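Only one chain is included here, represented as structure tokens and corresponding to the form predicted alone.
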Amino acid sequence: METGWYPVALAEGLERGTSTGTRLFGRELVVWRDSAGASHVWEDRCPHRGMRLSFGFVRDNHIACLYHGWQYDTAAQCRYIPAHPDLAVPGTIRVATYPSIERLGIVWAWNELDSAAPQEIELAERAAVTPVRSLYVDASAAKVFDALVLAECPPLKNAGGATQRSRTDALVSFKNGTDEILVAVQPLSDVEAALHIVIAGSPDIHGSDSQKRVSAWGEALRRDVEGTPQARELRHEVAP
């Protein structure tokens, strides 16, 4: 497990006032968005009895545990305990957090708990992105990357020439002409990974048909990595 920034969710799929559970290198995380629109990535555990906060609910700028209703503010500090409504909650009751940021239409987490000063995320923002989908793969992140470096970019609106690929520790970019697809790889565990896929460019340009084409491309990639009997070559899956 290397320290760094890793994707944990598509930003579009995380609506205001909602939460979801996920994993990173086997650790359980809750990803939630408050009423002001800010996203948060925390350890998925209420300090009281260990219940997953992702099972709870978001109210305004608090997330509440489903078990006993303990509420935590955006700084992860417990602010209200229903069984003791007049209690001044001790400052020691708080949830462990991961630094997080939204970039390229994806929520990213720095994989060190309560880290005060993670390094700057080295991902150039795009003017707009079109979200496609998240895919879950029964294979390690390393095996997924092995497949990605051989995959071809499906033709979208302005394809031309050979596919150009580049990658960081957790992101692969595919370019063909002015078309660009971005695939962020989340290591869920030693044998599972998630792909968060977006198209660089506005949904006004890349909505519907392009999303469907890239979604089918991602499905073919997943089958190919998992080695299922239905796996086919990617170029057949994305042919017009």
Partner chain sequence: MSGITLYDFELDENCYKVRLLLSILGLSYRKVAVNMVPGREHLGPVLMALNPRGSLPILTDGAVVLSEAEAIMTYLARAYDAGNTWLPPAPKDHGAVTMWLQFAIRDLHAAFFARRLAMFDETGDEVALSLAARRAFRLMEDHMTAREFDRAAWFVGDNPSLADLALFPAIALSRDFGIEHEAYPALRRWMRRVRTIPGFVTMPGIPDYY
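All figures in this text were calculated on a predicted structure; none of them were measured in a lab. Numbering follows the first chain given and starts at 1.
Heads up, the form predicted in complex with the partner chain isn't pictured, but that's what we're talking about next.
Asker: G56 near the partner chain in the predicted complex, any heavy atom under 4.5 Å?
Answerer: Heavy-atom contact with the partner chain at 4.5 Å: present for G56.
Asker: Any chance L188 has a heavy atom within 4.5 Å of the partner chain in the predicted complex?
Answerer: Residue-level check for L188: yes, a contact with the partner chain.
Asker: Should Q211 be classed as touching the partner chain in the predicted complex when contacts are defined as heavy atoms within 4.5 Å?
Answerer: Yes - in the predicted complex, heavy atoms of Q211 and the partner chain come within 4.5 Å of each other.
Asker: Answer yes if any heavy atom of N61 is within 4.5 Å of a heavy atom of the partner chain in the predicted complex; otherwise answer no.
Answerer: Heavy-atom contact with the partner chain at 4.5 Å: absent for N61.
Asker: With the partner removed from view, which of 94 to 102, 108 to 116, 78 to 86, 125 to 133 is the stretch that lies within 4.5 Å of the partner chain in the predicted complex, judged by heavy atom distances?
Answerer: Flagged stretch: 125 to 133.
Asker: Of the residues S215, S39, S173, N176, which one places a heavy atom within 4.5 Å of the partner chain in the predicted complex?
Answerer: Selected residue: S215.
Asker: Between 3 to 19 and the partner chain in the predicted complex, list the residues on our side with a heavy atom within 4.5 Å.
Answerer: G13, E15, T18 sit within 4.5 Å of the partner.
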